[in-house]
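Presented below, as structure tokens, is a lone chain in the form predicted alone.
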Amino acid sequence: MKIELAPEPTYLGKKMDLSPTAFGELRVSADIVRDPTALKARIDEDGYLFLPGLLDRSDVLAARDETLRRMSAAGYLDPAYPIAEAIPAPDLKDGFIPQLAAGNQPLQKIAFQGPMMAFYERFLGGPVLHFDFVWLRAKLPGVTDATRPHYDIVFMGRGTKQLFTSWTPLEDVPKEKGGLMILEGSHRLEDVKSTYGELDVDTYCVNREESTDLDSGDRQWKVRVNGGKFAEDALALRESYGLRWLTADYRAGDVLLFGMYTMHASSDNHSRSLRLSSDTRYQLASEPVDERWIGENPPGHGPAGKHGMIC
């Protein structure tokens, strides 16, 4: 089946400003991949490292195949099409599928073995700990599933702040398929870091009615801080700060790495197929770790991960 892509990226159905002052390409850091000093200077400057070809392409595509096989078995794919085409089932509403990462050996291999771990050991300069939880995503086609702008720190800030995300496309992702975007210079927005960047989505007010919902287990997500989003409209956000959205035509094997205070989002998926990717996190093993994301069954955003406070 031929997949028709839109001629240019959009966000929630709105055309993006593709002028040079509003939109650009990620800077490639593959040339310094073995130079920790240069890498640290680059991430301090840019807030991200784009590393094309860091992973073995065949290993990444094997992870995609296994993930799609699991999705098919779980009823997430349309049985009228070959599994490899990743066509979503007509009733699929949510492509967040971390449960399909458990025991997914090809996915575990690219995330927690080989080149990924070797890179982080060089980059961080010591033994590395990774979160056990894997944020596995299958972004839906259409103009409603774009990732809203956010910092990662609000979801995983109880340990070290020297924590890094690897966004790994599990397939080739041209711009029109909704790859990740970095808001250039957003890691230097001190007004955002000192306000929104200090939030924790899993705190709740023990002296308010919401605590009853949490104690009963009815509420699994803390909405007091807007679900963790900094903004709903990535286009208006970019314009308000006068910054650029940066992205790339990604290929299987590429990794986009960024810190906890780098604003990121995604554009719309204009193909007919799901866009598969994983988010994994890494830090020095000697640093404090956020207890929500480690262990055989990480508590995540469930009741066990909540912290009560007086409001």
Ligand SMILES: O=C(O)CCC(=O)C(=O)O
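Just count from 1 along the sequence shown to find any residue number. Not measured: the values here are computed from a predicted model.
From this point on, the text means the form predicted in complex with this ligand, which you will not see here.
- From the list 231-239, 74-82, 159-167, 103-111, the contact stretch for this ligand in the predicted bound form under a 4.5 Å heavy atom rule is 159-167.
- Taking non-hydrogen atoms only, residue 176 never approaches this ligand to within 4.5 angstroms in the predicted bound form.
- Though the partner is left out of this view, residue 277 does reach within 4.5 Å of this ligand in the predicted bound form, counting heavy atoms only.
- Within this chain, residue 137 lines the site of this ligand in the predicted bound form, having a heavy atom no more than 4.5 Å away.
- Contact check for residue 130: every heavy atom lies farther than 4.5 Å from this ligand in the predicted bound form.
- Exactly one listed residue, out of 171, 200, 152, 184, brings a non-hydrogen atom to within 4.5 Å of this ligand in the predicted bound form: 152.
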